[in-house]
Each structure stands twice: as C-alpha cells, then as structure tokens.
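Single chain ahead, written as structure tokens, the form predicted on its own.
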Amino acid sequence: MAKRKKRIIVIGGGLAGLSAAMKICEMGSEVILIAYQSLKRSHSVCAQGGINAAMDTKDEGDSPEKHFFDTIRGGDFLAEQPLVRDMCHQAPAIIHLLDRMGVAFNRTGEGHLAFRRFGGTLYSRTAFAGATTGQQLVYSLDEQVRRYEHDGLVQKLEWHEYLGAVLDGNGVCRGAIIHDLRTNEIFTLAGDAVILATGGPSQVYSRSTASTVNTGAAATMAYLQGAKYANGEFIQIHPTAIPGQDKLRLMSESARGEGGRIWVPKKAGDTREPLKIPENERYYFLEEKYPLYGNLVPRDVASREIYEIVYNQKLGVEGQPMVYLDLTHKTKEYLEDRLGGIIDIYKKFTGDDPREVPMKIFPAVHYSMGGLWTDYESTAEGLIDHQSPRNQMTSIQGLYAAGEADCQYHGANRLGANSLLSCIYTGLMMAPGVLNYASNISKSVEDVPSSTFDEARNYWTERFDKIKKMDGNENPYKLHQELGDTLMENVLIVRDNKTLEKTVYAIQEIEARFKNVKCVDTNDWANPAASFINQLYCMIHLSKIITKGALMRDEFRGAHYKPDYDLNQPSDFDPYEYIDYLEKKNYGEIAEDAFPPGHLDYMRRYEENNTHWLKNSIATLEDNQPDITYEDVNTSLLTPRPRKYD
C-alpha cells in the first residue's frame, strides 16, 4: 500500500509562506496554505526597495562574507551568526532562482541585473524591480504555487484566520484551528507540521507602515500556548515615511540608495519653499556627521539623528516633526524608472510631486526584529545543515516559524533589503528539515485521537461565542487605539525606565478594561469585530512582552535606545582598536597608555556591557505575565565590536 504524502499546513501567503509551500511541493509533499486575505494582498507586496545578495556585478569587492559582516554589525551583534552567514551565502542563488522564475528585476543597459546601495553597507548589493520589488516577488512565487495547486499538491484557503495550534497530550503540534472569515465557521486541520509565516506585529502600535492585518496575533497565540518569544523589545523605526493621521506610509530606503538627500533648513522655523533655500543654508546632517555612509547609515542611526534634529535641535521643517528627503536633483526619467512606485504613493497621499519638490518625511514604526524563538543546526563550517528538523522549529515541537514571525536573523536592527531575503531564505531552507521531521516523528498525526481535534475546535467555538456575547461599554477599536498610542508615546525611538514602568501599569489597566469590551457586531456572517477582539487580546499580551523587555534591558543596542545607558563612544575611536584590545588582554595586563585617552575605559565598559546584555531576551508565559530570561547569542564566527559608521 502506497504511503500517503506528508501534509504541511502553512499559515501566511507572503514571501516566507509562498517559498516554503513551493519548496515543500517541489519535494513531493502536500501543502494546505492558509491566508488571512487574498495571497496577492499579503503584506510582502508592500516591500519597495529590493532584496540583498552580494553578487559584486560592479567590481566593488563585495562578497557574501562582507554581506554577513554588514548584517551582523548592523544588528549590533545580536543575530545568530551561523544562520546569517548561511543566508548571505545562499543569497546569490536565491536571486538567480527568482530571475529564472521571471521576476521583473531592473537591468543595466547590457541586460545584466542592476543593483543599488542600501543602508549599512558601502556596496551595491540590492537587486530591485523599480520600487515595487515585494509585489513582483509575491506575484512570481504565487505563480509557482498555483502550478502546484493545479497539480493537486496545494489547497489554498484564502480569507481564513489561524487561531491556534492543535496540541496533543504531549504538547506536540498536530494541526491548526482555522476560522473561516466569511462564514465564521471554526474547524481544525490535521497536519504533520505547521509553519507560521504570518508576518510582523506592527499594528500593536497605533500608526505604522504595516498593513492593518499585521497584528502579530498568530505568533502571540503560539506564545500563549507555550512557545518562547524572543527580543520583543527590538522594534525597527524606519527613518523615512509620510506623516499621516490614519497611518504612516513608507518611503523606501531606495530613495536614498538612488541619491536622495535628507536635510533641514539651518534656520529654525524657516517658512521658505524648500527649493528657494540656498545650498549653504541647508543642513545635510547625516552627510556631515557620517561622511563615509552619508544618508545610508543603518536605520536605527538615521532615525535617532532625525529625532535629535527635530526634538532636541528644534530644526524640523516649518517647526513640525518632519525633515526633507530630496530627489529633485535627479532627472524625472531616472526617478520614474527607479522609483516610480513610491513617487506615485507620495503624489497620491500628499498631492506633491517628489520629482519637483522635496518630500516631507519622518520616522515610523516599521518592523519587528523580535519574534518567536526558533532553533537551528549548524555545520562545522559555520553554515546550516539544511536537512535538520530543528531548523526554524519553535519551542513547541512540530510548530515552525519563518520570515518576520521569527527572531534569529536581524539582531537589534535590520539592514534594509534583508527582510525579503530572510523571508525567502527561511522558507526555502526549512522545507527539507520540516519534511524530515514529519517523516521521522515517532507517532503520526493519524494516530492522534479525534477527541484532541474536537476539544480544540470546541474550545475556540465557545471562545468566540463568549466574545460575541461581550456587552460592556468599551469599544474594542478605541481600546486598540489607546493601546497603540501608549506604545507610540512611550516605547519608541528614545526610551527611559520611568516611562516604561508607567507603561507597564497603563497596559495592565487596558487589559482590565478589555474584560468590559462590547462586541459591536454579533452577526454570524463575515463578522470582523469578533475576530478583531480576539486579536486585540493577543496584542495586549504582545505589548506586555515589548514593554517589559524594554524595561529590563538596561543598555543601548541597535533600535533599543536608552540614553541613560549610552556608553558614549569617543569621537576618534576606531572599532578595530577593540580587536587589538582583546588580543592584548589575552597576553596579560594592558598598559594604561596603550590606547588614546579614554579609549581603554570605553572598551572595558563595552566588554562589561556585552557580558551582561549580549543575549537574547526570552519571554515565556507565567501567571498571565511574560517571564523574561536571557540566552547567549552565537558569536562563534565574528567577534563582537563597537559599531561606528562615520
């Protein structure tokens, strides 16, 4: 009798989910693909600027090892080094694969792939499709999945919501509980493994560049079921977005990669039209402070500098929290070819043409470096064993995570254009290991009693029945707005412990008020209110992870900026001095005059800080609160050192 094909449940129709589904089907197994909305509307389509791979087409001396170094340094050494190294070495092959699949990458006049610069590197390593790269990648991967759907290997369930994992008596994931968003039917799916590729949690903040579906509820529910959630406090603030009352719309880093310049008038409150302000009266503050990287310093650095200019130096455009992002020195034809997508967005929402007037921008919540803790298995060469069932598995056996839903690739700050790479890389890399897990687990899902699935379905059916009966005086949408505003005000670019302590209590009050929520729509058909209330419950728990993690981490690392714990790096410091310091230390005592004045003291403080804080924060649920412990980060391939970009 022929063995049945292994069935993997993939939650999420963005780049991570699509690439995992494609690879699993390529290996002859079946996929049930669950998407909260139409696959082609997954948040991955909002990515604009490009995808990184060190292919050195411009003979700049780039290499995968330099890509690895830039990524680890950009993340302030908090990322898992074997995973990042393997990702960077696989990146060129991923670009070639996407090219063969028909992604409409921009090309040079000779027909070769074109590459642009992005932040945190001195090399042109970002492949792009105008300024709509994410959309082109999603559409191409979707075509591949449709091919397998035609062959009967993929079943797609769009407009369906993942509620949680089906866990057996031993805590092993055996399937998923699914909510049909049109009919409100709740049912279970049995699977040999479940992959969460559900994106990030930016909607826990009231305004961000993320889609409104990015609530982080799926990953948070895994945490509520016992999974470890890591580094939740590391939230990326993108330096350039269109300020808005409803949400913040991304202006891609590609604008700066193509020569865009950030500046403000040198005179506070200058009301002249920007193009009437002479060059000598403009303050190109990133270029002046960071002459080597200029406008392409990493995102955490740029965001802090814009914050400093606007709030501390009071130089915001027209006295408002905005700075100029200027492309007007480029030709209209060049901008249309390279940046047409974001130019259209800016024109649509502001009425101004970036080809004719500088854009007004400000930093915005954009991405979460943290997420579900996932495992991996490395080789002796410092790469990844792609056959290992441990790769991308959460602390719940049989439940995997990929893309922005996991935590391992970006450390304390993500470099631009590494997000699309990490999504596709994790989807492709993990597939062999997931199938090896499914083939070798001691007890098959077919041996799990039906009562396990019945109990899971009944629990969620009763839960939603209770939600629909909630008849308090709190509007869930207003409560979410208040939660998001609280995080926007208190857990953003600049953080301090007194404010964070107050925020912990504020979230506790919001959690208490949640019990008095009113389900504003009790219909059984296509009712988004009940689903949103459940997601709000998850966002409250996630906000507790983010805030407590930020409160407990007493340091300045990457996107987590506490001025009280800034080590105040000397202005003339060279990071390679730290490597010299470590070598000298290995051979005995270091003379006090071995380094320039103040440098030795700084390096000792830096070393002591890493001893305490170069660790992943791990949140687990204990008595309805996040219990946070710390795990060492793998730094076996690259010695941590202070960051410097000038």
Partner chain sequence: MDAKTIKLKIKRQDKPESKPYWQEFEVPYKPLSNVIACLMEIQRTPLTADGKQINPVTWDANCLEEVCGSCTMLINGKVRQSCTALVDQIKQPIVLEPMSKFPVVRDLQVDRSRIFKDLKKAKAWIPIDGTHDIGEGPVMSDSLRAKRYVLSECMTCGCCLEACPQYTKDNGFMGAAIFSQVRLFNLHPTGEMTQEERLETIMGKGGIADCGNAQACVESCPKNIPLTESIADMGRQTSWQLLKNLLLK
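Positions refer to the first chain, counted from 1. Note that this is a predicted model, so its numbers are computed, not measured.
Separately, the form predicted together with its partner chain exists; it is not shown, and the next lines address it.
Student: Is Thr212 one of the residues lying within 4.5 Å of its partner chain in the model of the complex, judged by heavy atom distances?
Tutor: The answer is yes: Thr212 has a heavy atom within 4.5 Å of its partner chain.
Student: So, in the model of the complex, is Asp99 in contact with its partner chain at a 4.5 angstroms heavy atom limit?
Tutor: Asp99: contacts its partner chain in the model of the complex.
Student: Do Gly111 and its partner chain come within 4.5 Å of each other in the model of the complex, heavy atoms counted?
Tutor: Contact check for Gly111: yes, within 4.5 Å of its partner chain in the model of the complex.
Student: May I ask you to check whether Ala227 falls inside a 4.5 Å heavy atom distance of its partner chain in the model of the complex?
Tutor: Contact check for Ala227: no, nothing within 4.5 Å of its partner chain in the model of the complex.
Student: State the residue from Glu446, Glu381, Asp465, Asp246 whose non-hydrogen atoms include one within 4.5 Å of its partner chain in the model of the complex.
Tutor: When its partner chain is considered in the model of the complex, the option within 4.5 Å is Asp246.
Student: Which pick from Arg41, Lys615, Lys58, His599 sits with a heavy atom within 4.5 Å of its partner chain in the model of the complex?
Tutor: The residue from Arg41, Lys615, Lys58, His599 that makes the contact is Arg41.
Student: Select, from the options 280-288, 228-236, 90-98, 267-275, the stretch whose residues sit within 4.5 angstroms of its partner chain in the model of the complex by heavy atom distance.
Tutor: That would be 90-98.
Student: Where, within 518-535, is there a heavy atom within 4.5 Å of its partner chain in the model of the complex? Residue list please.
Tutor: In sequence order, Lys518, Val520, Asp521, Thr522, Asn523, Asp524, Trp525, Ala526, Asn527, Pro528 come within 4.5 Å of the partner.
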